[in-house]
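The chain below stands alone, shown as structure tokens; this is the form predicted alone.
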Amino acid sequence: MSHFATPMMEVPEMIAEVGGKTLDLCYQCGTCSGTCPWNLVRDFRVRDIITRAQLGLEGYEGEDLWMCATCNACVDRCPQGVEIVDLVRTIRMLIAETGAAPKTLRAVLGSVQSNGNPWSGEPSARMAWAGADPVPAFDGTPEYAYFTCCTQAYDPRNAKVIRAAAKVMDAGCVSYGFVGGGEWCCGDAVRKTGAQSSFQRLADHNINLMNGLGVKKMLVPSPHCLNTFRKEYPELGGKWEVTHLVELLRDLVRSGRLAMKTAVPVKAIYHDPCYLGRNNDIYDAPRDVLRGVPGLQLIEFARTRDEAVCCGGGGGRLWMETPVNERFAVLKLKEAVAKGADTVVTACPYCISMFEDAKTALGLDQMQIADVVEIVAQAL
């Protein structure tokens, strides 16, 4: 039986019990609705979702619930400290029990269950991106265990970022090793879609694997992995020092271990990934690295850092269809063109995918989409 088949006043209690503990703090000021990037492209009220939850009303099964990209902008601005993303995740979890999740997400979650990743990729092919080139494996000896994001492991475009990362880490004499293919999805997007039991299964597998390998320091290229490993895994037994690749890059440049001598003459505009910036307060590291690249001119979007507009790929939206005129990445690419940028640089595989799709949709063949580490690799 669905939790929403209970008497009306039990619904708010159920939401609070399973993860939406800050529900009652909301006093309906509407700041969340005014902050949400969806209002750049359509009329959308986050507050309506919260109102229905507080009053114990049904009607969550519609499109609005699945539009949230979990960018955290509303949470940042909420004067009451309501954890709105947690509320959305919790309501999605309750709805998922009824089988009412969007069809595309059901397919993704099915792949996670059978393959350990959302891309329908064979587990045995997780290291296929390396081709015939030998790469170091983590055996407990290197300083860092490199945890490959599923998107980079199975998406050909994002696989280029891993190869660039390996080149740069080798040049900087970093002590690292790839986990080697046994890892599963970190579970960030899985949990945000409401699939809590699948997230727990992924987390248990990864924690047992990493602890068994003797991991002390983990290096990740994805802000989604960073956020999940830093904030959600510790209470489950995964207690490691977790570093995002851009943090390491800045340290390598500052220490002189990485010399960027080749000019990269581009006019680059930097996009702040939500899970790197708003969720983990990493704004300066990527900019510091880019400013050190010879020949690169760095410019900014009108809304940047903690006010940056989301690419639209978080919370499961990466796998959901969005009309071209409602894609946040399309809006941002149009702004990049207007500012004279020829390269959009970011530090997240989801953002890379969303901007590449937007580039195709707009026919911007000359616009380049790059990860920070790809720019650094060009500058070596």
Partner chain sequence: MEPRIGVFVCHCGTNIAGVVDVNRVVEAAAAWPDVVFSTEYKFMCSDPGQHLLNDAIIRHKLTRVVVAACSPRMHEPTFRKACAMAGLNPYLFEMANIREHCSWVHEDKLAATLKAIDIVRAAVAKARLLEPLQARMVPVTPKVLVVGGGVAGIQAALDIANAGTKVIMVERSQSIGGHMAQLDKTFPTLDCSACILTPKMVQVAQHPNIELMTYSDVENVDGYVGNFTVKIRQRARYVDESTCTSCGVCLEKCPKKVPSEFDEGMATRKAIYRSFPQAVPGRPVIDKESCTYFKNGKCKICEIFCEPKAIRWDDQDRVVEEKVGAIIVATGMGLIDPHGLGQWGYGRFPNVLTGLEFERLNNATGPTGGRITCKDGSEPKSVAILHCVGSRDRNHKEYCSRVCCMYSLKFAHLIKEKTHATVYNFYIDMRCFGKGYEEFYNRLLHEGVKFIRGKAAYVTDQAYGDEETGKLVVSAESTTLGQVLRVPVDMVILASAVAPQNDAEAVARLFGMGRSPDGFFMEKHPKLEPFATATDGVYLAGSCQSPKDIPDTVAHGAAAASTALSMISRGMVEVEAATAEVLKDFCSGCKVCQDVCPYSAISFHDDTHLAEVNASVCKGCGTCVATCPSSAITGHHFNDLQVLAQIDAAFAWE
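In this text the structure is predicted, and so the values were computed from the model without any measurement. Positions refer to the first chain, counted from 1.
The protein also exists as the form predicted in complex with the partner chain; that form is not presented, and the subsequent description refers to it.
In the predicted complex, none of the heavy atoms of Glu232 sits within 4.5 Å of a heavy atom of the partner chain.
Contact annotation: Gln80 falls within 4.5 Å of the partner chain in the predicted complex, judged by heavy atom distances. Using a 4.5 angstroms threshold between heavy atoms, Glu307 counts as touching the partner chain in the predicted complex.
At a distance threshold of 4.5 angstroms between non-hydrogen atoms, Leu40 is in contact with the partner chain in the predicted complex. Between the options Asp64, Asp342, Glu326, Glu335, the residue in contact with the partner chain in the predicted complex by a heavy atom within 4.5 angstroms is Glu335.
Residue in contact with the partner chain in the predicted complex (any heavy atom within 4.5 Å), chosen from Arg201, Arg106, Arg303, Arg254: Arg303. Annotation: in the predicted complex, residues Gly30, Arg47 and Asp76 each come within 4.5 Å of the partner chain through at least one heavy atom. In summary, the region of this chain contacting the partner chain in the predicted complex, judged by heavy atoms within 4.5 Å and restricted to 64-72, 343-351, 314-322, 22-30, corresponds to 22-30.
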